Each structure stands twice: as C-alpha cells, then as structure tokens.
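So this first bit is one chain, no partners, the form predicted alone, shown in structure tokens.
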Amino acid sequence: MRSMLKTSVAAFAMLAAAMGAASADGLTGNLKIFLDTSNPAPRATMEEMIAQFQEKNPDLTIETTVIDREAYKTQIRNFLTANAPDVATWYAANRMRPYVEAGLFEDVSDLWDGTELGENLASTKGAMTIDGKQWGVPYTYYQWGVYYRKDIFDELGLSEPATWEEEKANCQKIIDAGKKCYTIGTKFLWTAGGWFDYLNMRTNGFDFHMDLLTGKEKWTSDKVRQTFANWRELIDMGAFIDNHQTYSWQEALPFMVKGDAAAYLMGNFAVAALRDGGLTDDQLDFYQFVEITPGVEKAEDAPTDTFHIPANAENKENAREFLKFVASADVQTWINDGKHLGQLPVNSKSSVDQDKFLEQGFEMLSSNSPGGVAQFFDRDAPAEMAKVAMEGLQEFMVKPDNLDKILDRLDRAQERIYK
C-alpha cells in the first residue's frame, strides 16, 4: 500500500500542470465531502485524488468522511436533509431520482451546457439527466459480463459461447467435469438482480426491461415468464453453486479461485479480487453475455457512480470546482486505471489503461451494445421496488417452484409502489 501511494502521488505531480485548466487554483473557505467508497482500493484512490485537489488549493479546508457503502444507502436522505456535506457520492439514473424530486440535489446543468466538459461527458449525459436538467457528474463506470477461468475452458475444450444454446452446452460439460458453471453470492440480493438484468434484456430487449423496472409492464406477463423459464434451465441443470444465499459476492469468489466454479457474472470490480486471490491474467478471461432471442439487440449493464452537490450545501462554488476537477480528462485517466479503480473513464478525452479487461469492456460498450446501457437492477428500479423484487429473485433461485407466488407478489408490490 505504501509503494502504491508513493507512485500515485508521483504520477499526480507529473500531471499537475496539465490539470491546471481542469481545477480552480486558490480556492478558499471549506469543502465537506462524503464518500461511500469504503472498500480499500476505491477509498485510497478517492483520498489521493482529494489530496491532489487540496494541493492545488492550499488555502481550502477540506473535510472528508468515508461511510460504509451499505450504511451510506440508509443514511443519505438524513444527511442530505440536515447538516448536508458540500459534495456526496451516489449513483446515476433512477437511483438519484428520489433526491432530485425531493429537492435535495443541486441542479448543475451549468457544468454541462455549452461547456467543453459537457461535450466530453456526452455519453453519460442521459444517465445524469432528469426533467431536462443534470444533477451531478459521473466519475466512473464499468462493464458487467462473464468472467471465466480460461484454463478450465481450455482443459475441457470449450470456447467462448455466443448463443444461449452454446452457453448451456458449455455448462453441461462443466457440470459433467464435477464443477459448477457459475459462482454467485446472493446474500445481499443484488447479484441475483444482475442475472435477471441480462436474462431479461437478452430475452425481451432493453426497452421492455426498462418498462418493467419502471412499472409499465407486469411481472406476471408471458414475456417475463419466458425470462424465468430461461433462468430455470440453468437452475435445473445445477449450474450455480450450492447455498449461494448464504454468501456475499466476495465470499463467493473462492469457488472460482479454487476452480470449483468456472465463471462469475459480475462487474469489472471483481477482477482485482480475483487477481488478489492468486489467479493470473492467463487464467482469466471475459466474454459478453450471450444472445438468447435472435434479433434482440444486446444491451449492457454499465453502472455509473457519481458526485452530487446537495441542495443544502454551504459551499456550492467550491463544490462545483471539485466536480469539474473529478470529471477532467487527466484525473479520469488516473483514477480509473488498472492500479486504482480498475474501471472506465467517463471523459471521452481520457485514455483507457492497458488492461485487457478494461480494453474489452471499453470495446464492448463502445461498439457492441446497440440495445442500450442500463445502470443495474437496483439503480433502474425505484429503491422500494428493487428490494422487494430482488428478494423474489433470490427466492426463485433457491425455490424455483415458487415462481407463481413470487410474480403475483411482485405485481401487487408494483401496484402499491407505482399507484
């Protein structure tokens, strides 16, 4: 950790001159920042980035508070309402909507409209827009897909699948070899949401999926039932590890590291953990989730993490300068490289680190996701509906015969929540 910090500070020093145009020199007063980046690597990256902003503004007093990510989700409304920070991390699209509609996030359209920064962030503008206005800036996004043990595939004579039939055929050979096809930990529910995202978008398309998550389609519809029928094919094969409902996503990693499971449908943030577990890049590879319904354009999950200015912030101009700094091209390149967040920069003028997973993700999202880009199940659906639905998804994976009860329950919840 110590050597990484020294390297990072040195890198920042070399970039300081180039960053001058992206950040404001000579700010004074205070800046209070709340972060949900509680995992070690994201926390270190954010703290180093803030230190660089401090270096550029030595007369600015910066106070940083890091809150556990799960606790942050339950506390955000309270701290936005009373004793608000000047800057807070959160998420794009529907996850920010409750705070926009409650008047708790500041309109920052001035950072986007007719500015070079807005032009460079154009690909993420839709995710930051509600009612024609922008309510924050993104600082990272990342691909989801199937990360797999290439050495196991090679041993079994398997190639990357492109269709649902090929996916199932590969899975059967993996099971026949005494392994599970997929590891997953559904203890905190959201990983099951990732599976549903892909199965539904590949079965019924992006538009239907988004309509379902926003209350415009019924969970008991035939289209949704087909998605669950496809999912059940894998469940009935025994494709997933046993007792997954007792594991967090991190606790499910050893099944893949030890070779007891061949793949993990997950975000790119899992790569660092898999490498830390001892897997080399020769053992790991990545493929885009396969086609299920022919002709349905591929859409991807690419969750976007964001910075916002609370409406009740006391130091909004300092906060605006910080947001511009975070989203600038050079900062975006650095914080998202393979040694730090290991994700994709949101600024089109940034460069992508020479990391095979980042390069594959950038290529996939740039040129092979014509169907659209989703934020993720619990970001695209309202929080209350997402919780109820993901509980149902986890239940289905454990007790698939309960499907009718689950779908009826979700329809009732939908009627209540969207009334």
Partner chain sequence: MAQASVTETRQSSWWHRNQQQLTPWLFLAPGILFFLFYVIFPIFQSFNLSLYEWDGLGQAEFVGLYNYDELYYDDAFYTSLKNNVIWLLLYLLAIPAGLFIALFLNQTVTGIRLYKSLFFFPFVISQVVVGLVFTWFYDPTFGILNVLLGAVGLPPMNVLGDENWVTVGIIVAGLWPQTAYCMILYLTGLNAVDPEQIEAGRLDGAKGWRMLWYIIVPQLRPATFIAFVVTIIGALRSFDLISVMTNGGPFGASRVLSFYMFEVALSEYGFRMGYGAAIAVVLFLIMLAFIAYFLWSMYKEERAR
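It should be emphasised that the depicted structure is a prediction, and the values quoted were computed from it without experimental measurement. Numbering follows the first chain given and starts at 1.
In what follows, reference is made to the form predicted together with the partner chain, a form of this protein that is not presented.
Problem - Proximity of Ala383 to the partner chain in the predicted bound form, heavy atoms at 4.5 Å - result: Output for Ala383 is yes: heavy atoms within 4.5 Å of the partner chain.
Glu395: heavy atom within 4.5 Å of the partner chain in the predicted bound form?
Result yes; Glu395 sits at the interface with the partner chain in the predicted bound form.
TODO: State yes or no: in the predicted bound form, is some non-hydrogen atom of Phe255 no more than 4.5 angstroms from a non-hydrogen atom of the partner chain?
DONE: Yes, Phe255 lies within 4.5 Å of the partner chain in the predicted bound form.
So in the predicted bound form, does Asp378 come within 4.5 Å of the partner chain, heavy atom to heavy atom?
-> It does: once the partner chain is placed as it appears in the predicted bound form, Asp378 has a heavy atom within 4.5 Å of it.
* Among 65 to 73, 37 to 45, 355 to 363, 50 to 58, the region lying within 4.5 Å of the partner chain in the predicted bound form by heavy atom distance -> Only one stretch qualifies here: 65 to 73.
Which one of Phe105, Tyr247, Phe286, Phe307 is close to the partner chain in the predicted bound form, taking close to mean a heavy atom within 4.5 Å? Comparing distances to the partner chain in the predicted bound form, the residue within 4.5 Å is Tyr247.
Tell me, out of Arg202, Arg95, His340, Lys179, which residue has a non-hydrogen atom within 4.5 angstroms of the partner chain in the predicted bound form.
-> None of the others qualify; the residue that does is Arg95.
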